[in-house]
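Single chain ahead, written as structure tokens, the form predicted alone.
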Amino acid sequence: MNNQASISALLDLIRERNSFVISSHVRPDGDAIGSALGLQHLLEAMGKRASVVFVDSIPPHFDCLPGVKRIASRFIAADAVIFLECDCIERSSIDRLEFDAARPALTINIDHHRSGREFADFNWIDPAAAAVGTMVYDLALAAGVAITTAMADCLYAAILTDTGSFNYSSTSASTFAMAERLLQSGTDANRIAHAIYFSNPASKVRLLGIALTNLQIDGGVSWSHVTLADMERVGASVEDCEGVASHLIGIASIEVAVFLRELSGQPQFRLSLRSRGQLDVSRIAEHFGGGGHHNASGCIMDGSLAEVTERIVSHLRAACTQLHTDALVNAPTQASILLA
């Protein structure tokens, strides 16, 4: 089913129902929060009852988004549940709540990850979309709903963060055109960017200092880590780890980077992978049970810091070598250039 057909079918399902719960993955990021709130504003504009539910806390730099204070932390009975950028119900925020006991008659899955799975009753997956926020925007246009300033603020935050401030390869001319239309709808791009990127707690900056101290580089690969002890020492939260990987990939000549964050319980680490150019880290993340985007993905790996580092760095080195080999094989020979 193409996007136009998916949107039309989804709107039919929405029009037939009155109440909705919207949720996304655990530890919600900018796209999860912005697209969920944007969809809530859209559904309410269509005369529906809509609630956003996240179990995990919302990072304070998203307090600027209209409706964020209405986000609930408990499951609410509804006619349908809409999951945003989740590859399964188990990865959603509400899986830890009494979801199964009050499971609605309809589940809807909206995702833009290449690794997205069709786990719901209705699935709309568009890997070409720069963010789920762009899909919600397209849904609003198809529904004939005016983009309010509140909706525009939320969707702009979703697009801004999930494109890496319009730096990832998923960014296209249509992404910028959509951002322009959101600004025309009243969103203040400077205010949102300032809230998201320039209001960091001191604990986040201190943790970044630790991560940069642990930085290691080998050819086109960079990596770093923080431990639970590091986080406790500076009073850092999980949210304070956001953005560290972007610093690692921002180093000149680095092609792929990984940031390792120790998890509580058994020896285990959360990996944030970043790349530039043609190296697809989503495939690497999938290899280890995770997923994500071409240039930004993640996964969880068991083992000690030394074990996990060795496994992932070896894999990244091999990926870089293969990328260079493929480039040489596909490069035009001198003879073909002369004959052209």
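If you're wondering where the values come from, they're calculated on a predicted model, not measured in any experiment. Sequential numbering from 1, following the sequence displayed.
Just so it is clear, the following notes concern the form predicted together with a small molecule, a form of the same protein that is not shown.
Discussion item. I'd like to check something about residue 225: if you look in the predicted bound form, is any of its heavy atoms closer than or equal to 4.5 Å to a heavy atom of the small molecule?
Written reply: Residue-level check for residue 225: no, no contact with the small molecule.
Worksheet item: Within a 4.5 Å heavy atom cut-off, is residue 204 in contact with the small molecule in the predicted bound form?
Response: Residue 204: no, not in contact with the small molecule in the predicted bound form.
Practice prompt. Give a yes or no for residue 299: in the predicted bound form, does one of its heavy atoms lie within 4.5 Å of a heavy atom belonging to the small molecule?
Written response: Yes, residue 299 sits close enough to the small molecule in the predicted bound form that at least one of its heavy atoms falls within 4.5 Å.
Worksheet item: Does at least one non-hydrogen atom of residue 59 fall within 4.5 angstroms of the small molecule in the predicted bound form?
Response: Output for residue 59 is no: heavy atoms all beyond 4.5 Å of the small molecule.
Worksheet entry | Contact test, all of 219, 276 and 324, partner the small molecule in the predicted bound form, heavy atom 4.5 Å | None of them does, since no heavy atom lies within 4.5 Å of the partner.
Worksheet item: Within 4.5 Å of the small molecule in the predicted bound form, heavy atoms considered, which of 283, 27, 315, 48?
Response: Comparing distances to the small molecule in the predicted bound form, the residue within 4.5 Å is 27.
Worksheet item: Since exactly one of 194, 181, 247, 270 fits, which has a heavy atom within 4.5 Å of the small molecule in the predicted bound form?
Response: Result of the distance check: 270.
Practice prompt. Considering the small molecule in the predicted bound form, find the one stretch among 285 to 293, 35 to 43, 301 to 309, 60 to 68 with heavy atoms no farther than 4.5 Å from it.
Written response: In the other structure, the partner sits against 285 to 293.
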